[in-house]
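One chain comes next, on its own, written as structure tokens: the form predicted alone.
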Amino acid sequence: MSGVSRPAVLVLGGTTEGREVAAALAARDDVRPITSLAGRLSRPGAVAGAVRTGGFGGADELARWIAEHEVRAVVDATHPFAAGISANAARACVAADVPLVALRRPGWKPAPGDDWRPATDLDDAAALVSGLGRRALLAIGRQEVATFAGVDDVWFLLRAIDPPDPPLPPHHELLLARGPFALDDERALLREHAIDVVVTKDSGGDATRAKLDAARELGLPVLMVRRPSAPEGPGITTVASTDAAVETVVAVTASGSA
């Protein structure tokens, strides 16, 4: 097929899985991926195929974009905590009458010896953290660090790819870093900064899992923020791997062109 005749697939990316899906689809001759990046990171990873940057402006505008660009399927490969984007994608795909493939990486599971404490959301985590320690590794990304700005009795090591926007916790140090992180490095980091509690989201995946293993080895509690509920319903196929996402996209685009 020529590049013009190949059906377009919109990949809502920004994650490792999004890049993997885009690369797999770009290597095929029967689909044409277009990856959408929110533009929040100054150093996004390389993406195969066409790329657009910036938000769509809500579900209605996304549905309009899908129709204008003759998109035949959408892959939601966003972060498990990007609840707003996922909800807009689900509504837009219903409005545009295109299938949505939701790639949901499995959440983390505690291993023997783990001391995980649940938090319903980041506000809950901010209220609980001072009861668990005085020096915290805050590994939640950059966008919601302000939730902890009112916590004045804990020192935070803030780890993110890009600097978070203020307000920030009054006692903190900023560490700019991108995973994956090795277990030896995570263990050394926790020891070097005398961390006594780890705060993180249940993001899943292997790239940032090592901090949990290091916390277990050092006997540290982990304040684990639960995932928001993901959209479900007609037209949404939920898969747990990039291979399954690619297979599903190929199947739905082929059936649509029959």
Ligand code: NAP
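Treat the numbers as computed from the prediction; the structure is a model and nothing was measured. Residue indices: 1-based, along the sequence shown.
Heads up, the form predicted in complex with the named molecule isn't pictured, but that's what we're talking about next.
Asks: Going by heavy atoms within 4.5 Å, which of 217 to 225, 47 to 55, 189 to 197, 22 to 30 lines up against the named molecule in the predicted bound form?
Replies: Heavy atoms within 4.5 Å of the named molecule in the predicted bound form occur in 47 to 55.
Asks: What I'd like checked is whether A38, H79 and K201 together line the named molecule in the predicted bound form, meaning each has a non-hydrogen atom within 4.5 Å of it.
Replies: Yes, each of A38, H79 and K201 comes within 4.5 Å of the named molecule in the predicted bound form.
Asks: Can you check whether Q143 is within 4.5 Å of the named molecule in the predicted bound form, heavy atom basis?
Replies: Q143: contacts the named molecule in the predicted bound form.
Asks: Does any heavy atom of N88 come within 4.5 Å of a heavy atom of the named molecule in the predicted bound form?
Replies: N88: yes, in contact with the named molecule in the predicted bound form.
Asks: If we define contact as a non-hydrogen atom of the residue within 4.5 angstroms of the partner, is P163 a contact of the named molecule in the predicted bound form?
Replies: It does not: once the named molecule is placed as it appears in the predicted bound form, P163 has no heavy atom within 4.5 Å of it.
Asks: A83: heavy atom within 4.5 Å of the named molecule in the predicted bound form?
Replies: So A83 counts as contacting the named molecule.
Asks: Though the partner is not shown here, which residues of 95 to 113 have a heavy atom within 4.5 Å of the named molecule in the predicted bound form?
Replies: Read in sequence order, no residue approaches the named molecule (within 4.5 Å, in the predicted bound form).
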